[in-house]
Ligand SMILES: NC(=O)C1=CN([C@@H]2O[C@H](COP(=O)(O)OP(=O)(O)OC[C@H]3O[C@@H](n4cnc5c(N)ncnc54)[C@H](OP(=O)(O)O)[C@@H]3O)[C@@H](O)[C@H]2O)C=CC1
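First, one chain by itself in structure tokens, the form predicted alone.
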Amino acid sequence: MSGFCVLGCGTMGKALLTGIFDSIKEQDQQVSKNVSVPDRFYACVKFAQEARDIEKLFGETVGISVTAEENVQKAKASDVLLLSCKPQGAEEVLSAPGMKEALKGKLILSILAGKTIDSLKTLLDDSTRIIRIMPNTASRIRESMSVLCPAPNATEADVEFAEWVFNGIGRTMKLPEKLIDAATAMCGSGPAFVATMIEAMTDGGVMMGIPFAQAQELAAQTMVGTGQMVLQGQHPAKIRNDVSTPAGCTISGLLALEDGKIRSTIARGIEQATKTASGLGK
């Protein structure tokens, strides 16, 4: 018997609960013996409308609370808690009377942008274990790229549980916390960068006479297919070179992109987003 509680069950919290329920249903999924699959679920929200939305989505499967006192009771009944409120609301949630005591010896999975492990430790008992995680917006379609940064007191079983949860909405990768701002730029901001490239490719297709809907589908599926080729082991440079035949249309288009400094512009975008991410929790 184990409980899982979402403190601040917004879009990401609902996506993760959906992923967990789907993972439980998928009997063929391999679950490590170290992973204790939850059998009780709770969602803590701030407004009545949010509670109604969760009830409509999950029915009686998820217990709901809307007050600080109820949140503490749900925390006491849980072994693992997902901290997914707004970053600026973390202190209010974790400083509620009785919450620090309720979280003793338990595992916190934090997806709060800019909130470091050390900053969370100041609000928690030393026995509370923390894993900081950066998922992205594709979690809603179970295609997220999530980066896990365990605190020193997180156990191997804690990490395996976090991987099980976040593999339910995509892929996971473990990195040291010093790299999470760069990971935030790539995974958190990355969908916006990729979407901008899809828009630009779509505009080019429309300019050359393809109707908008078809141009957008061509651009988006081309991005998806290329990404899958890279994930399956093909180097991006090899893909580019294989497509670039001598005196062909691809190499001429690539030269035009290089005229616009596409590589350095995108890389600088990651650099700038990383710098901004580093200041979010300050």
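Just count from 1 along the sequence shown to find any residue number. None of these values were measured; they are calculated from a predicted model.
Just so you know, the form predicted together with this ligand exists too; it's not on screen, but the next bit is about it.
Checking Val80, Leu148, Ile198, Cys85 against this ligand in the predicted bound form, a heavy atom within 4.5 Å turns up for just one residue: Cys85. Checked against this ligand in the predicted bound form, the candidates Leu109, Val165, Ala75, Met134 yield a single residue with a heavy atom inside 4.5 Å, and that residue is Met134. For the chain shown alone, Met12 is a contact residue for this ligand in the predicted bound form, at least one non-hydrogen atom being within 4.5 angstroms. In the predicted bound form, this ligand stays beyond 4.5 Å of every heavy atom belonging to Gly170. Proximity of Asp203 to this ligand in the predicted bound form: non-hydrogen atoms within 4.5 Å are absent; the residue sits far from the partner. Among heavy atoms of Gly3, none comes within 4.5 Å of this ligand in the predicted bound form.
Only one listed stretch (206 to 214, 153 to 161, 119 to 127, 91 to 99) carries heavy atoms within 4.5 Å of this ligand in the predicted bound form, and that stretch is 91 to 99. Contacts to this ligand in the predicted bound form (heavy atom within 4.5 Å) from stretch 37 to 69: Cys44, Val45, Lys46, Phe47, Glu50.
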